[in-house]
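First, one chain by itself: the form predicted on its own, in structure tokens.
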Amino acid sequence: MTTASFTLQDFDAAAFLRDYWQKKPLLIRAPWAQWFNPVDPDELAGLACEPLVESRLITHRDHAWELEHGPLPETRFAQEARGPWTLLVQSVDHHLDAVAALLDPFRFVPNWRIDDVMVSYAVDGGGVGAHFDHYDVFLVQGLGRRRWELGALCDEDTPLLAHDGLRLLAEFEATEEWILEPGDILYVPPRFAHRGTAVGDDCMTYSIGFRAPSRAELIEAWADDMVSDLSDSDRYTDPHLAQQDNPGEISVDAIAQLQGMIAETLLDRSQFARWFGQFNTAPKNPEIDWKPEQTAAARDIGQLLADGHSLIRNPASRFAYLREQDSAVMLFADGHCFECTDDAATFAQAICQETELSPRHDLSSDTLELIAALYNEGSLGFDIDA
């Protein structure tokens, strides 16, 4: 069960969204009711050695940047005199409850926009160089100190260094600079140039990133999914074809009909909504199997609830829902879609809002079947599973 708890105090989320979100950076000094570092360096290094955990080691040596992808051998961290280095471990919130709890204070942004928590550890002088991101990020200082420098807005024409694995700025001029202490937060909107450098050893930073799908990504993924359901017999027709003055011309009417064939399919809002819910909640790392060793039937779920056990969302799972007509909802979990009505719809909305839930034990059979399906996929667990 998650025992870690983080609470922002004297933070006006509505004012932040109005004045800063995707507009300008904001430094927030020590806003926590109580701050503690949720993962120690050794535990982070252990995750970087795991084959199904995405990690990178970045070293700055002889004015050049070196990139090494994980899994990393344990002996790698014992090596010395290789220049300032930084370890980056992706999706740490999927593996450690205390890090997952760090997301809760930022849920004034819709859950579907949240990506993951990347954790970095750096020795003195370590960093990843000046760069910009296409997404919003909250940079929470966990341990030690880090100097953050912010620069100008960037775009696709901003010059980058020649490097196969890192998108680093060829030129960077800082316009603002701060040193963050443990518990401090720096919010950086998309496309702002920034550079972080460890000041002293044992510097840990938690990067809470948000998903921002590109137009190209959406079109490509939606089209790929949609094409598989289209009939090959659904073709262009022109039963009222009239003779043209020039047979080499593609007529305006033909272009309109051809484009209409595409637009009619692409603009099917109901189909797109269902697809996007599944696309957006698809597991970040599908190679990791979170399914329980033993499956449970609806009656098993009912008994566990009757015994007073709480349901807990898998931190690696993504949940979202869409409202339909007549109070029904579509629940999306880890790429799956569930049609929910009555108390199943109520449960679906509740589990999307809360990471831990204690529902009543007299739920309908449909709701118990839903919970069983989510449990057997590894999307939900009980407080006794740990």
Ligand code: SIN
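Keep in mind that what you see is a predicted model, and the values were worked out from it rather than measured. All residue numbers are counted from 1 along the displayed sequence.
Below: the form predicted together with the ligand, not depicted.
Going by a heavy atom distance of 4.5 Å, is Asp133 a contact of the ligand in the model of the complex? Although the ligand is absent here, Asp133 would touch it in the model of the complex, with heavy atoms inside 4.5 Å.
In the model of the complex, Thr205 touching the ligand (heavy atom, 4.5 Å): Within the cut-off, so yes.
Can you check whether His194 is within 4.5 Å of the ligand in the model of the complex, heavy atom basis? Looking in the model of the complex, residue contacts with the ligand include His194, since a heavy atom lies within 4.5 Å.
In the model of the complex, does Trp148 come within 4.5 Å of the ligand, counting heavy atoms only? Yes, Trp148 is a contact residue.
Check, residue by residue, if Leu322, Val329 and Gln349 all come within 4.5 Å of the ligand in the model of the complex, counting heavy atoms only. No: none of Leu322, Val329 and Gln349 comes within 4.5 Å of the ligand in the model of the complex.
Looking at 171-179, 307-315, 138-146, 228-236, which one sits within 4.5 Å of the ligand in the model of the complex if you count heavy atoms only? The contacting stretch is 138-146.
Sort through Val128, Leu96, Leu186, Leu102 and report the residue having a heavy atom within 4.5 Å of the ligand in the model of the complex. When the ligand is considered in the model of the complex, the option within 4.5 Å is Val128.
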